[in-house]
Each structure stands twice: as structure tokens, then as C-alpha cells.
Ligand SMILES: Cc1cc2nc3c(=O)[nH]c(=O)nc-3n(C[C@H](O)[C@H](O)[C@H](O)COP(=O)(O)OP(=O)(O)OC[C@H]3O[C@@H](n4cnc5c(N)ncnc54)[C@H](O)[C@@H]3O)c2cc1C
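Here we start with a single chain on its own, the form predicted on its own, put down as C-alpha cells.
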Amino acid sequence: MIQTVAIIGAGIAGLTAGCALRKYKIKVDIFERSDSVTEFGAGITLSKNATSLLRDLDLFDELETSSYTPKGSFIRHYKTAKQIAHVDFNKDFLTADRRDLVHILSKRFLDMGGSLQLSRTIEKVEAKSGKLIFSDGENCYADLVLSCDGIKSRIREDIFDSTEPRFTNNIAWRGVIERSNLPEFPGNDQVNIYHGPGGHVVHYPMGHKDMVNFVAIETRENWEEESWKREGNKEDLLKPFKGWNENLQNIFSSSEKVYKWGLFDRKVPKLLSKGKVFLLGDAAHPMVPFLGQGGCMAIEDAFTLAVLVDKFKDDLDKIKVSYQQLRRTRGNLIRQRSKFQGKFNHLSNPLLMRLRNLAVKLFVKPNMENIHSYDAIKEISKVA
């Protein structure tokens, strides 16, 4: 009988799993090594495949009040900003500040009676027994242990595989600007994506104090920083996008600070669970952010596992088999599609760029619908 769950990591995956499990009255402890629940970065996009699950958990309405509901997405030429294609969104698509999402999740988890312990570092987990050993020498046991500790997950490395994260030859720059600094053309307040040679740029309002998040991706051969993310120099950001639309250059310049980090990838392990330990989110299937699905996959994982725990409380093997069946193929598919999207976005050959723009016109709508229409609740019903 599964009565207690320990979650390692208080990010989107861990907190969503905590809320979903508390819905079913499971005792949940979340252990976070930091001294506060924080989230790096600013913007996040959440499509219907994730927001429909937040609705089921009664989290959507609160998030919507501090988010933005874009009507659609414009794909534009990197130099002229001319519209290449447009996709309409429904009311289930949100853009938000990641920190707002994490705050809402953590507050709801605590309100639901969950336990959130900060400054708790896990030294080791014993998969067979569900024993957690802390750096201060204390230990505890849980019926299930959920590893939600990100791409550099130590739990994954110790129990599942020792493959190292690999640099993808992409560097991301992020900044936040006031909405008044956006270029004045139709659709400037929606999701805007610019495809260019060797890189792409995305910007969208977050619904947070009238601010806009932008992300600029450049292709680079190596990443030598000790830290994966740090404050960057705006001049270094402007150089790789020289010759792009001047409005984008103005957006970059108007940001008070810019941050940069290397984008890393890691193969999906053959198994997503061993003993009593499960992998969720970036610990299971880290992916480049070119489809805006990283947070969505974490929410799908968390929701799916919680429902399976409720359905099969007395059958751990059934939970493991069902979770593997539902989440490994899905996570790996989106990971591979995200990887391809990066190469597609960054084509530099003029002929291939023209062909890419034509392909965008023809296929962007059905491709996006295919990803966003995934129904986790329907898929779970097939095994539960």
C-alpha cells in the first residue's frame, strides 16, 4: 500500500506532483536543497496539454490571473520581421512568469497539507528500500521516491545511468523588457518567433507587471563557463544577431540585464523507474526549449504518476509498467522533436531557408496542434 511519497526537488515537476498526490490524500514530503523555492529565468509557455491538467488540479484559474493569454503566434523573417505564418491559440494557452507558477504551486501544496523542507540535501537514495540519506546524517523511508532534481540529477546518476549531459552547441540569452519597448506592428503583443541563420528569437508578454520575456538562441561550438547560466554582457548578445531586424536589437538593448546559459541534453534512460524510485521532468527527459514543452512535460509526468498511484496503490509493479508505457515514449518523442526544431530554426543556407519558410506556412499549424492536443487523462484511461 503506497501511503508516503518523498519528492526530491521543488521545481515545477516536484511541486505539481506534490499537489496532485495530495489531491488523493497521499502523505508527501518535498525535499529541496536550496534555502528557498526559487526558479531561474522569467517566461514560460504552457499549452493545452499542460493547462488542461492544471484545470483538473484546480490550479489553472489562479495561474491565469497572473498570466497572459496570447491569441496566437507569429513566425517572422529574421531581417524584415515580415510574417511568414500565423497560428491561432485558444484560451488554454498561457504565457507566465516561471516564478509566479512556482509560487502558486508551492503555496497550494502547503495549503493542501504537504510538507516542504528546505536546505535538505540528499546524499543517497536506496532504490529497493526507499531509504533517503541526508547530508546531515539523518534518514527517512518512503513508499515512493520521485526524482525531480533536474538534468544534473544525482539520483539518476547513482541509480539509473552515468551518462553525462551533453552541450548542444546552443546558447540561450534571456531578458525582460517593458511592453512599451516592443516594436509597433500588428501582433506585437502575441508570441513572436523569428527564424534566422544560425539562431532564432522569441518574445512574448508574461502578464506580470506588463513585462515581456525574450529568449535569443545562438549556435556556438563550445561552452566553457563553470556555471551553466550567468549574467551576460549585452554587447556579446548583440554581436551574433548583427544584421537582424533592428527592432530585435532594440529589444535586446532595452533589457536592464541579460542572462546566458548553455543548453544541454541527456539521453532518456531505458527505464524511468527502479525499485521505488521514479524519474520525472528534466531528470527523465531533459530537452532543448525549442517547442516550449519542458514545463509541460514535467506537468504531464507529475499528473500521470499521481493518478497511477491513486489507481494502483497496492500494485507498485503496475504503476511502474504503466508509467513507463505512458511517459517514456511521449517524453522521448518531444525531446527529439525539440532537438530537430532547433536545427530547423537555425538553417543558414539561403535555399534551405526559403524551403523552411514554405514548410512553416504549410505545416506549422498541424504540427503545433499535434503536440498541444495530447490528452494525458485520455491516455491514462487506456491503462487504468
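Only a predicted model underlies this, so the values are computations on that prediction, with no experimental measurement involved. Each residue number is its position in the shown sequence, starting from 1.
The discussion below concerns the form predicted in complex with the ligand, not included here.
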**Complete:** The stretch from 275-283, 309-317, 162-170, 136-144 that lies within 4.5 Å of the ligand in the predicted bound form, judged by heavy atoms, is 275-283
**Prompt:** Closest heavy atom of residue 103 to the ligand in the predicted bound form, within 4.5 Å or not?
**Reply:** no
**Prompt:** Given that the partner is absent here, does residue 205 sit within 4.5 Å of the ligand in the predicted bound form, heavy atoms only?
**Reply:** no
**Asked** Contact between residue 34 and the ligand in the predicted bound form at 4.5 Å, heavy atoms?
**Response** yes
**Request:** May I ask you to state whether residue 300 is within 4.5 Å of the ligand in the predicted bound form, using heavy atom distances?
**Result:** no
**Asked** Which one, 263, 75, 116, 258, lies within 4.5 Å of the ligand in the predicted bound form by heavy atoms?
**Response** 263
**Request:** Sort through 122, 268, 176, 238 and report the residue having a heavy atom within 4.5 Å of the ligand in the predicted bound form.
**Result:** 122
**Request:** At a 4.5 angstroms cut-off on non-hydrogen atoms, which residues of 147-179 are near the ligand in the predicted bound form? List them in order.
**Result:** 148, 149, 150, 172, 174
